[in-house]
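This document starts with one chain, in the form predicted alone, laid out as structure tokens.
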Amino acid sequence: MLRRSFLKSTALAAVATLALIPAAHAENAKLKIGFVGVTSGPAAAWGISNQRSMEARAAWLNELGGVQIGDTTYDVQIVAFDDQKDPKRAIAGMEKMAQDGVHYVVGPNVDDGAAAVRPVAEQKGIIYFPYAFPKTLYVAPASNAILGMVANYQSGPAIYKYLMENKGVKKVAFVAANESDPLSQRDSGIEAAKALGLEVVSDKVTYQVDTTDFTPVLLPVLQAQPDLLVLSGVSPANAPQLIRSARELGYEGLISTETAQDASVLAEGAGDLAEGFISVGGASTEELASDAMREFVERYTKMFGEYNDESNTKVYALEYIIETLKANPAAISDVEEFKKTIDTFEAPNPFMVGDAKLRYVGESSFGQKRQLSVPLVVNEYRGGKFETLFVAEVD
């Protein structure tokens, strides 16, 4: 009898103890956000910046206790897939996201991949945020892709106009890799340059992405004596090689690109010869960066041992996804609800000083809001790092 009473008391005590455990150690639900993009090969820096930005921000949010969407608190889980800059692998990556129940995906990073995954995204109910520029991705009837950065046909005219007004540029030449992305960006750049009244002195020269000797590529271009040499759609791996070759051939004019670059790669591959190189940069300058942005940079650097300025832009996609879901919790599993929220969505921008807002733009370029509003920051490479040349905005 005593033994039975003891066991009963012990059992009740155990139940009481267990009842306290969930309150102290309850796990949050998981909010899976995907990344499909290039993290290997010559263009790896673009995708690595994406993935690391997402992982650094997700870890920070989870450390703070997760994100509350409606009545549920979630830990953010990043599901990543390296598409190796191959459209077929990008499709496979997007299909994997669908199988894993992921409705929101950042990437792909290049035009071919972003176009290739469109059917899967639309059929499987996935909103994706490419870093790719074809307008067909964002113009109706397309509705599932949202441009994650400033496009070259938005940044190009701003750069050319600035250089015309401040550096006296009159003649421009274009060089591009013989791939669809760079060629498309070259064509957009040529159109913008001509519209501004610049003389385009070379626009047909291309190179293979595995080129190691750029001297024969650049000779005919530089013989046209441009004031500005535009490296259309150039990858972070090819940029320093082209810059070095141009300078070693005696070219003293300006060199620019509308793609984001990696300062450490430029320093290693071109050194002082990269001085003055102009590229699109991250979305925060020292003047624009909030305390939260500074903390993000610190956390990213501590987590990965280095920082890429492009992550100032790449940090935004995850933030937009989470804040839009907060504005309409029904969108957690229904991307049509997400789309309904886009037109009126507005939230504080944690990464900029003042009263800056997160909002969707793109009506001027696409006829609908299918672009993240991030500042257009144009950088100049100086002394081993990027310095801000000017800042603009895109509608």
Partner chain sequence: MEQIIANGLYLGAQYALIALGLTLIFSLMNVLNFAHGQMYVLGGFVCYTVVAQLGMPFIVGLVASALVLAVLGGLIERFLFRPVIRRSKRDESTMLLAAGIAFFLDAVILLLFGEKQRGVPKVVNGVFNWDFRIIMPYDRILIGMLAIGLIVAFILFMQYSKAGRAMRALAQDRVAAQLMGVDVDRYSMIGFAMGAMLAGLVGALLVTITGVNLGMGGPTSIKAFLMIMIGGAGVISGAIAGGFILGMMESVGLSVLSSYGDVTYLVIFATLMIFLAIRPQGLMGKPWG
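Because the structure is predicted, anything quoted here is derived from the model rather than measured. Residue numbers count along the first chain shown, from 1.
What comes next is about the form predicted together with the partner chain, which does not appear here.
- Contact with the partner chain in the model of the complex, judged as any non-hydrogen atom within 4.5 angstroms, is confined among 85 to 93, 299 to 307, 135 to 143, 71 to 79 to 299 to 307.
- A residue is said to contact a partner when one of its heavy atoms sits within 4.5 Å of a partner heavy atom; residue 216 meets this definition for the partner chain in the model of the complex.
- Interface residue remark: residue 262 is counted as part of the site for the partner chain in the model of the complex, having a heavy atom within 4.5 Å.
- In the model of the complex, the partner chain stays beyond 4.5 Å of every heavy atom belonging to residue 154.
- Contact check for residue 41: a heavy atom falls within 4.5 Å of the partner chain in the model of the complex.
- Taking a 4.5 Å heavy atom cutoff to the partner chain in the model of the complex, the contact residue among 190, 289, 201, 249 is 249.
- Put simply, of 237, 116, 196, 224 only one has a heavy atom within 4.5 Å of the partner chain in the model of the complex, and it is 237.
- Scanning 47 to 68 for heavy atoms within 4.5 Å of the partner chain in the model of the complex gives 48, 52 in sequence order.
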